[in-house]
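Coming up is one lone chain in structure tokens, specifically the form predicted on its own.
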Amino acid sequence: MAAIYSIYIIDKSGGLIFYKDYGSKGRMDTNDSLRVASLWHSMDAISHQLSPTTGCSGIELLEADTFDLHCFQSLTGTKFFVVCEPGTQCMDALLKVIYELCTDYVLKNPFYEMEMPIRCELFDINLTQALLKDRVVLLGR
């Protein structure tokens, strides 16, 4: 999974409910991942208020020299974002797949409580399969 560094899911109030690190360099500890999620939630909220257009959906892409951050916000306010290599394509489609997996395996799980950390084995397994499938598409194999 060379193109994807990490995946975050944050709830509507800005709490980190899922984090998975795939990058080999610069691994973050738990506190750093919580800070990144909180910072992203705050920046997104500020962008809603400062946007010159009405109906702004927030920040969808942040491009930096060493990474890109792609974000998808569901209608419920849950944010899904992926940190990946600069210029990586098809991240919007991947974010929607992650959203579908979350609705299928997490939200329909009778033991899951809303806004609690995601601890669902079926979600993890299917997320890994989706990323492997996406990697095949990205690398053209």
Partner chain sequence: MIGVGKIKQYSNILDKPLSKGKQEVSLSAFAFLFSELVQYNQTQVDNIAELERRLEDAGYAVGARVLELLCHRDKGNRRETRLLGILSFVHSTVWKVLFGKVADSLEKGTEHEDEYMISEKELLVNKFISIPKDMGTFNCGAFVAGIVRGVLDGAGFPAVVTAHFVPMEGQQRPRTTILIKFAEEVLRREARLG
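Note that this is a predicted model, so its numbers are computed, not measured. Residue numbers count along the first chain shown, from 1.
There is also a form predicted together with its partner chain; it is not shown, and the following applies to it.
Does residue 74 reach its partner chain in the predicted complex, with heavy atoms at most 4.5 Å apart?
-> Residue 74: no, not in contact with its partner chain in the predicted complex.
Spell out, yes or no, whether the shortest heavy atom distance between residue 104 and its partner chain in the predicted complex is within 4.5 Å.
-> Result yes; residue 104 sits at the interface with its partner chain in the predicted complex.
Flag residue 110 as yes or no: does it have a non-hydrogen atom within 4.5 angstroms of any non-hydrogen atom of its partner chain in the predicted complex?
-> Residue 110 belongs to the contact set for its partner chain.
Partner proximity in the predicted complex: residue 125 to its partner chain, non-hydrogen atom cutoff 4.5 Å | Although its partner chain is absent here, residue 125 would touch it in the predicted complex, with heavy atoms inside 4.5 Å.
Can you say which of 30-38, 85-93, 44-52, 110-118 gets within 4.5 Å of its partner chain in the predicted complex, counting heavy atoms only?
-> Answer to the contact question: 110-118.
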